[in-house]
Structure formats: C-alpha cells, structure tokens
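Form predicted on its own, single chain, as structure tokens, below.
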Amino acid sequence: MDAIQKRMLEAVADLHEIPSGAYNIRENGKSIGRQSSENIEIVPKQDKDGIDIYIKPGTKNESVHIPVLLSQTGFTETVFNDFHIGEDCDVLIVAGCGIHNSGKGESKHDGIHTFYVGKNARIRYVEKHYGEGDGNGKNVMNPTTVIEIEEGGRMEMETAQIKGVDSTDRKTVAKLADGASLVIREKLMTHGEQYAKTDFTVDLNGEDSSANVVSRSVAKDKSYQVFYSRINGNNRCNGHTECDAIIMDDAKVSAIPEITAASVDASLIHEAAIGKIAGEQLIKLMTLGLSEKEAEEQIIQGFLK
C-alpha cells in the first residue's frame, strides 16, 4: 500500500497494516484485498457492486474489516453490503470510507449496509468517514444502514465523521423484535460550507425491545446540520433519543426528534440541546495557559470523545 492508502486506512478503520482474520479492502470500485476466515465468509455479489458477509452461529471474539477507499478524483459508486449474523454471535464489524480528492471533480461513495442480526447475537459496528484533498473537489458520502434484529439480539453502532466531508446524507432504519436492543452513538463535526443530514427511524415492534440513539455534533463556520430521529414504540418497550450540538461562527443546526407511542406500555423520551461553548469553560482553560483557539479545541475534543 502507498502512503495515501495507509493514512486513510488508519483514519477510517484504525488499521496500520492488513488485518488478521476476515477482511475486504475496496479502492476505486475494486477489491484490493479479501480474506475469509473459518467462521466468517465474504462473498462478492453477482448482480451488483458489493459483498455478502456470512457469520456462522456461535462465532465469538472475532472481527471483520471492510473499509472503502477512494483516491481517484471524480469517481462515484454505490455499494451494497449485506451482513448475515448467525444466532449467539459476539463479533466486531469495522467499516468506514476515506476519500482522497486532489482534483476539481466530485468524488462520491454511497454505501448501503443491511444487517440481519440473529437471535441472541451481539454485534458492535464501527463506521468512520474521512475526507482529504486540496479543497477544490467535493467529497460526498451517503451511508444507508438497514437493521433487523431478531429476538434477544443486540447491536451497538458507533459512527463518526470529523473531517473533510463536504456533503453527507446519513440514513438509518431499524426494526427490533422481542427483547432486542439497539444503541447508536453518532459523532459529527462540520466546517466551511459543509452540509450534513442525519435521519434515524427505529421501530420497536417487539415486547421489551429498547433503543438509545445519541448524537453529538459540532458545527463551525457556515456549515449546516440537520438531525431527524424517530422512535416508534409499537409494543411494551423503552426508547430514548438525544441530540446535543455545539454551534459556532455562522453555522446552523436543526434538531427534530420525534417519538410515537402505539402502545400504552411504550416508554419513550426525546431530548435536544443546541448552544455555544460556555464562556466560563473557555476562561478556565485559558487561565491554565491555553489560547482561546486551543481552549475551544480542547472543549470540542472532550465533547466528541
């Protein structure tokens, strides 16, 4: 791998080298490395771009990495990845996309990931987005995540977009069966004139299902963020959605949480807070020797941690 590939792999997948175990590394529309393991099989789709990942029932303490890299200016693609997770699994899935755009064209990756989480399975899913370049071309990423969790299953989803993405439309749709649970943690930062839209919809269909959706974001300069979150309680269930945002400069942030109960036993909560960095926080850090800019960065890093 060259220096650009290595840098982007580290940014989106925390990889410093080719991982052990199952992996598929995609660059500019082609797989540049693929490996299955005894319990995790990766199969290319025949009818469209993408892969199917099959995880055998009972697989535990294993991981699969499927990062995507774009280094060709003006390259656009739509990729479909389906995850078939067997019963009683406990695995880590690491995805993410990095775009290096050094030209004037628009580079775009649309990734559609569908998760079929089996009975009593446990999944931790990490997805990071990162862009870089000389600033003339646009980096666009539009991830869609579709989740179906069977009885007793649990999925923890961590998404992060901190740098270099000019436009993103992030959509997540989930349906939960009896006793299933979903935890989502989103971290997002925009600057310049970047645009970011997040849209969560969770249907708590099963008895004693639960969801906890939390977004933390920072909007700088003239960027614009909009956050939608819908939790539908269709049975005895617990749901919570929260959006906390720091707004700076001439940025704009919209937070639109929505909860709908279709059962008298549904317990649903929504929260939203948007505000600037507190002056007393800046003053406290500046008395320790930091400049105002350094103090702001320290606060932002802590907020998004």
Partner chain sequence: MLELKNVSYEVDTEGGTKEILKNINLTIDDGFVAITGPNGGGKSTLAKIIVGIYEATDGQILFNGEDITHLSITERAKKGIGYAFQQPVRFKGITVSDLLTLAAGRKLSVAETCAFLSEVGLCARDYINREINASLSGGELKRIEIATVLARETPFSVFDEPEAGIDLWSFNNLIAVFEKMRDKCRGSILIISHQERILNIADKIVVVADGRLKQVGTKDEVLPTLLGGTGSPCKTLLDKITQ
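Keep in mind that this is a model prediction, so the values were computed, not measured. Numbering follows the first chain given and starts at 1.
In what follows, reference is made to the form predicted in complex with the partner chain, a form of this protein that is not presented.
Remark: residue 18 does not count among the residues lining the partner chain in the predicted bound form, judged by a heavy atom distance of 4.5 Å or less. When contacts are judged by a 4.5 Å heavy atom cut-off, residue 5 does not count as touching the partner chain in the predicted bound form.
Interface membership of residue 216, defined by any non-hydrogen atom within 4.5 Å of the partner chain in the predicted bound form, is confirmed. Residue 47 falls outside the set of residues with a heavy atom inside 4.5 Å of the partner chain in the predicted bound form. If you check the partner chain in the predicted bound form, you find no heavy atom from any of 265, 267 and 268 within 4.5 Å. In short, of 256-264, 38-46, 275-283, 22-30 it is 275-283 that has heavy atoms within 4.5 Å of the partner chain in the predicted bound form. Along 237-257, a single residue, 244, places a heavy atom within 4.5 Å of the partner chain in the predicted bound form.
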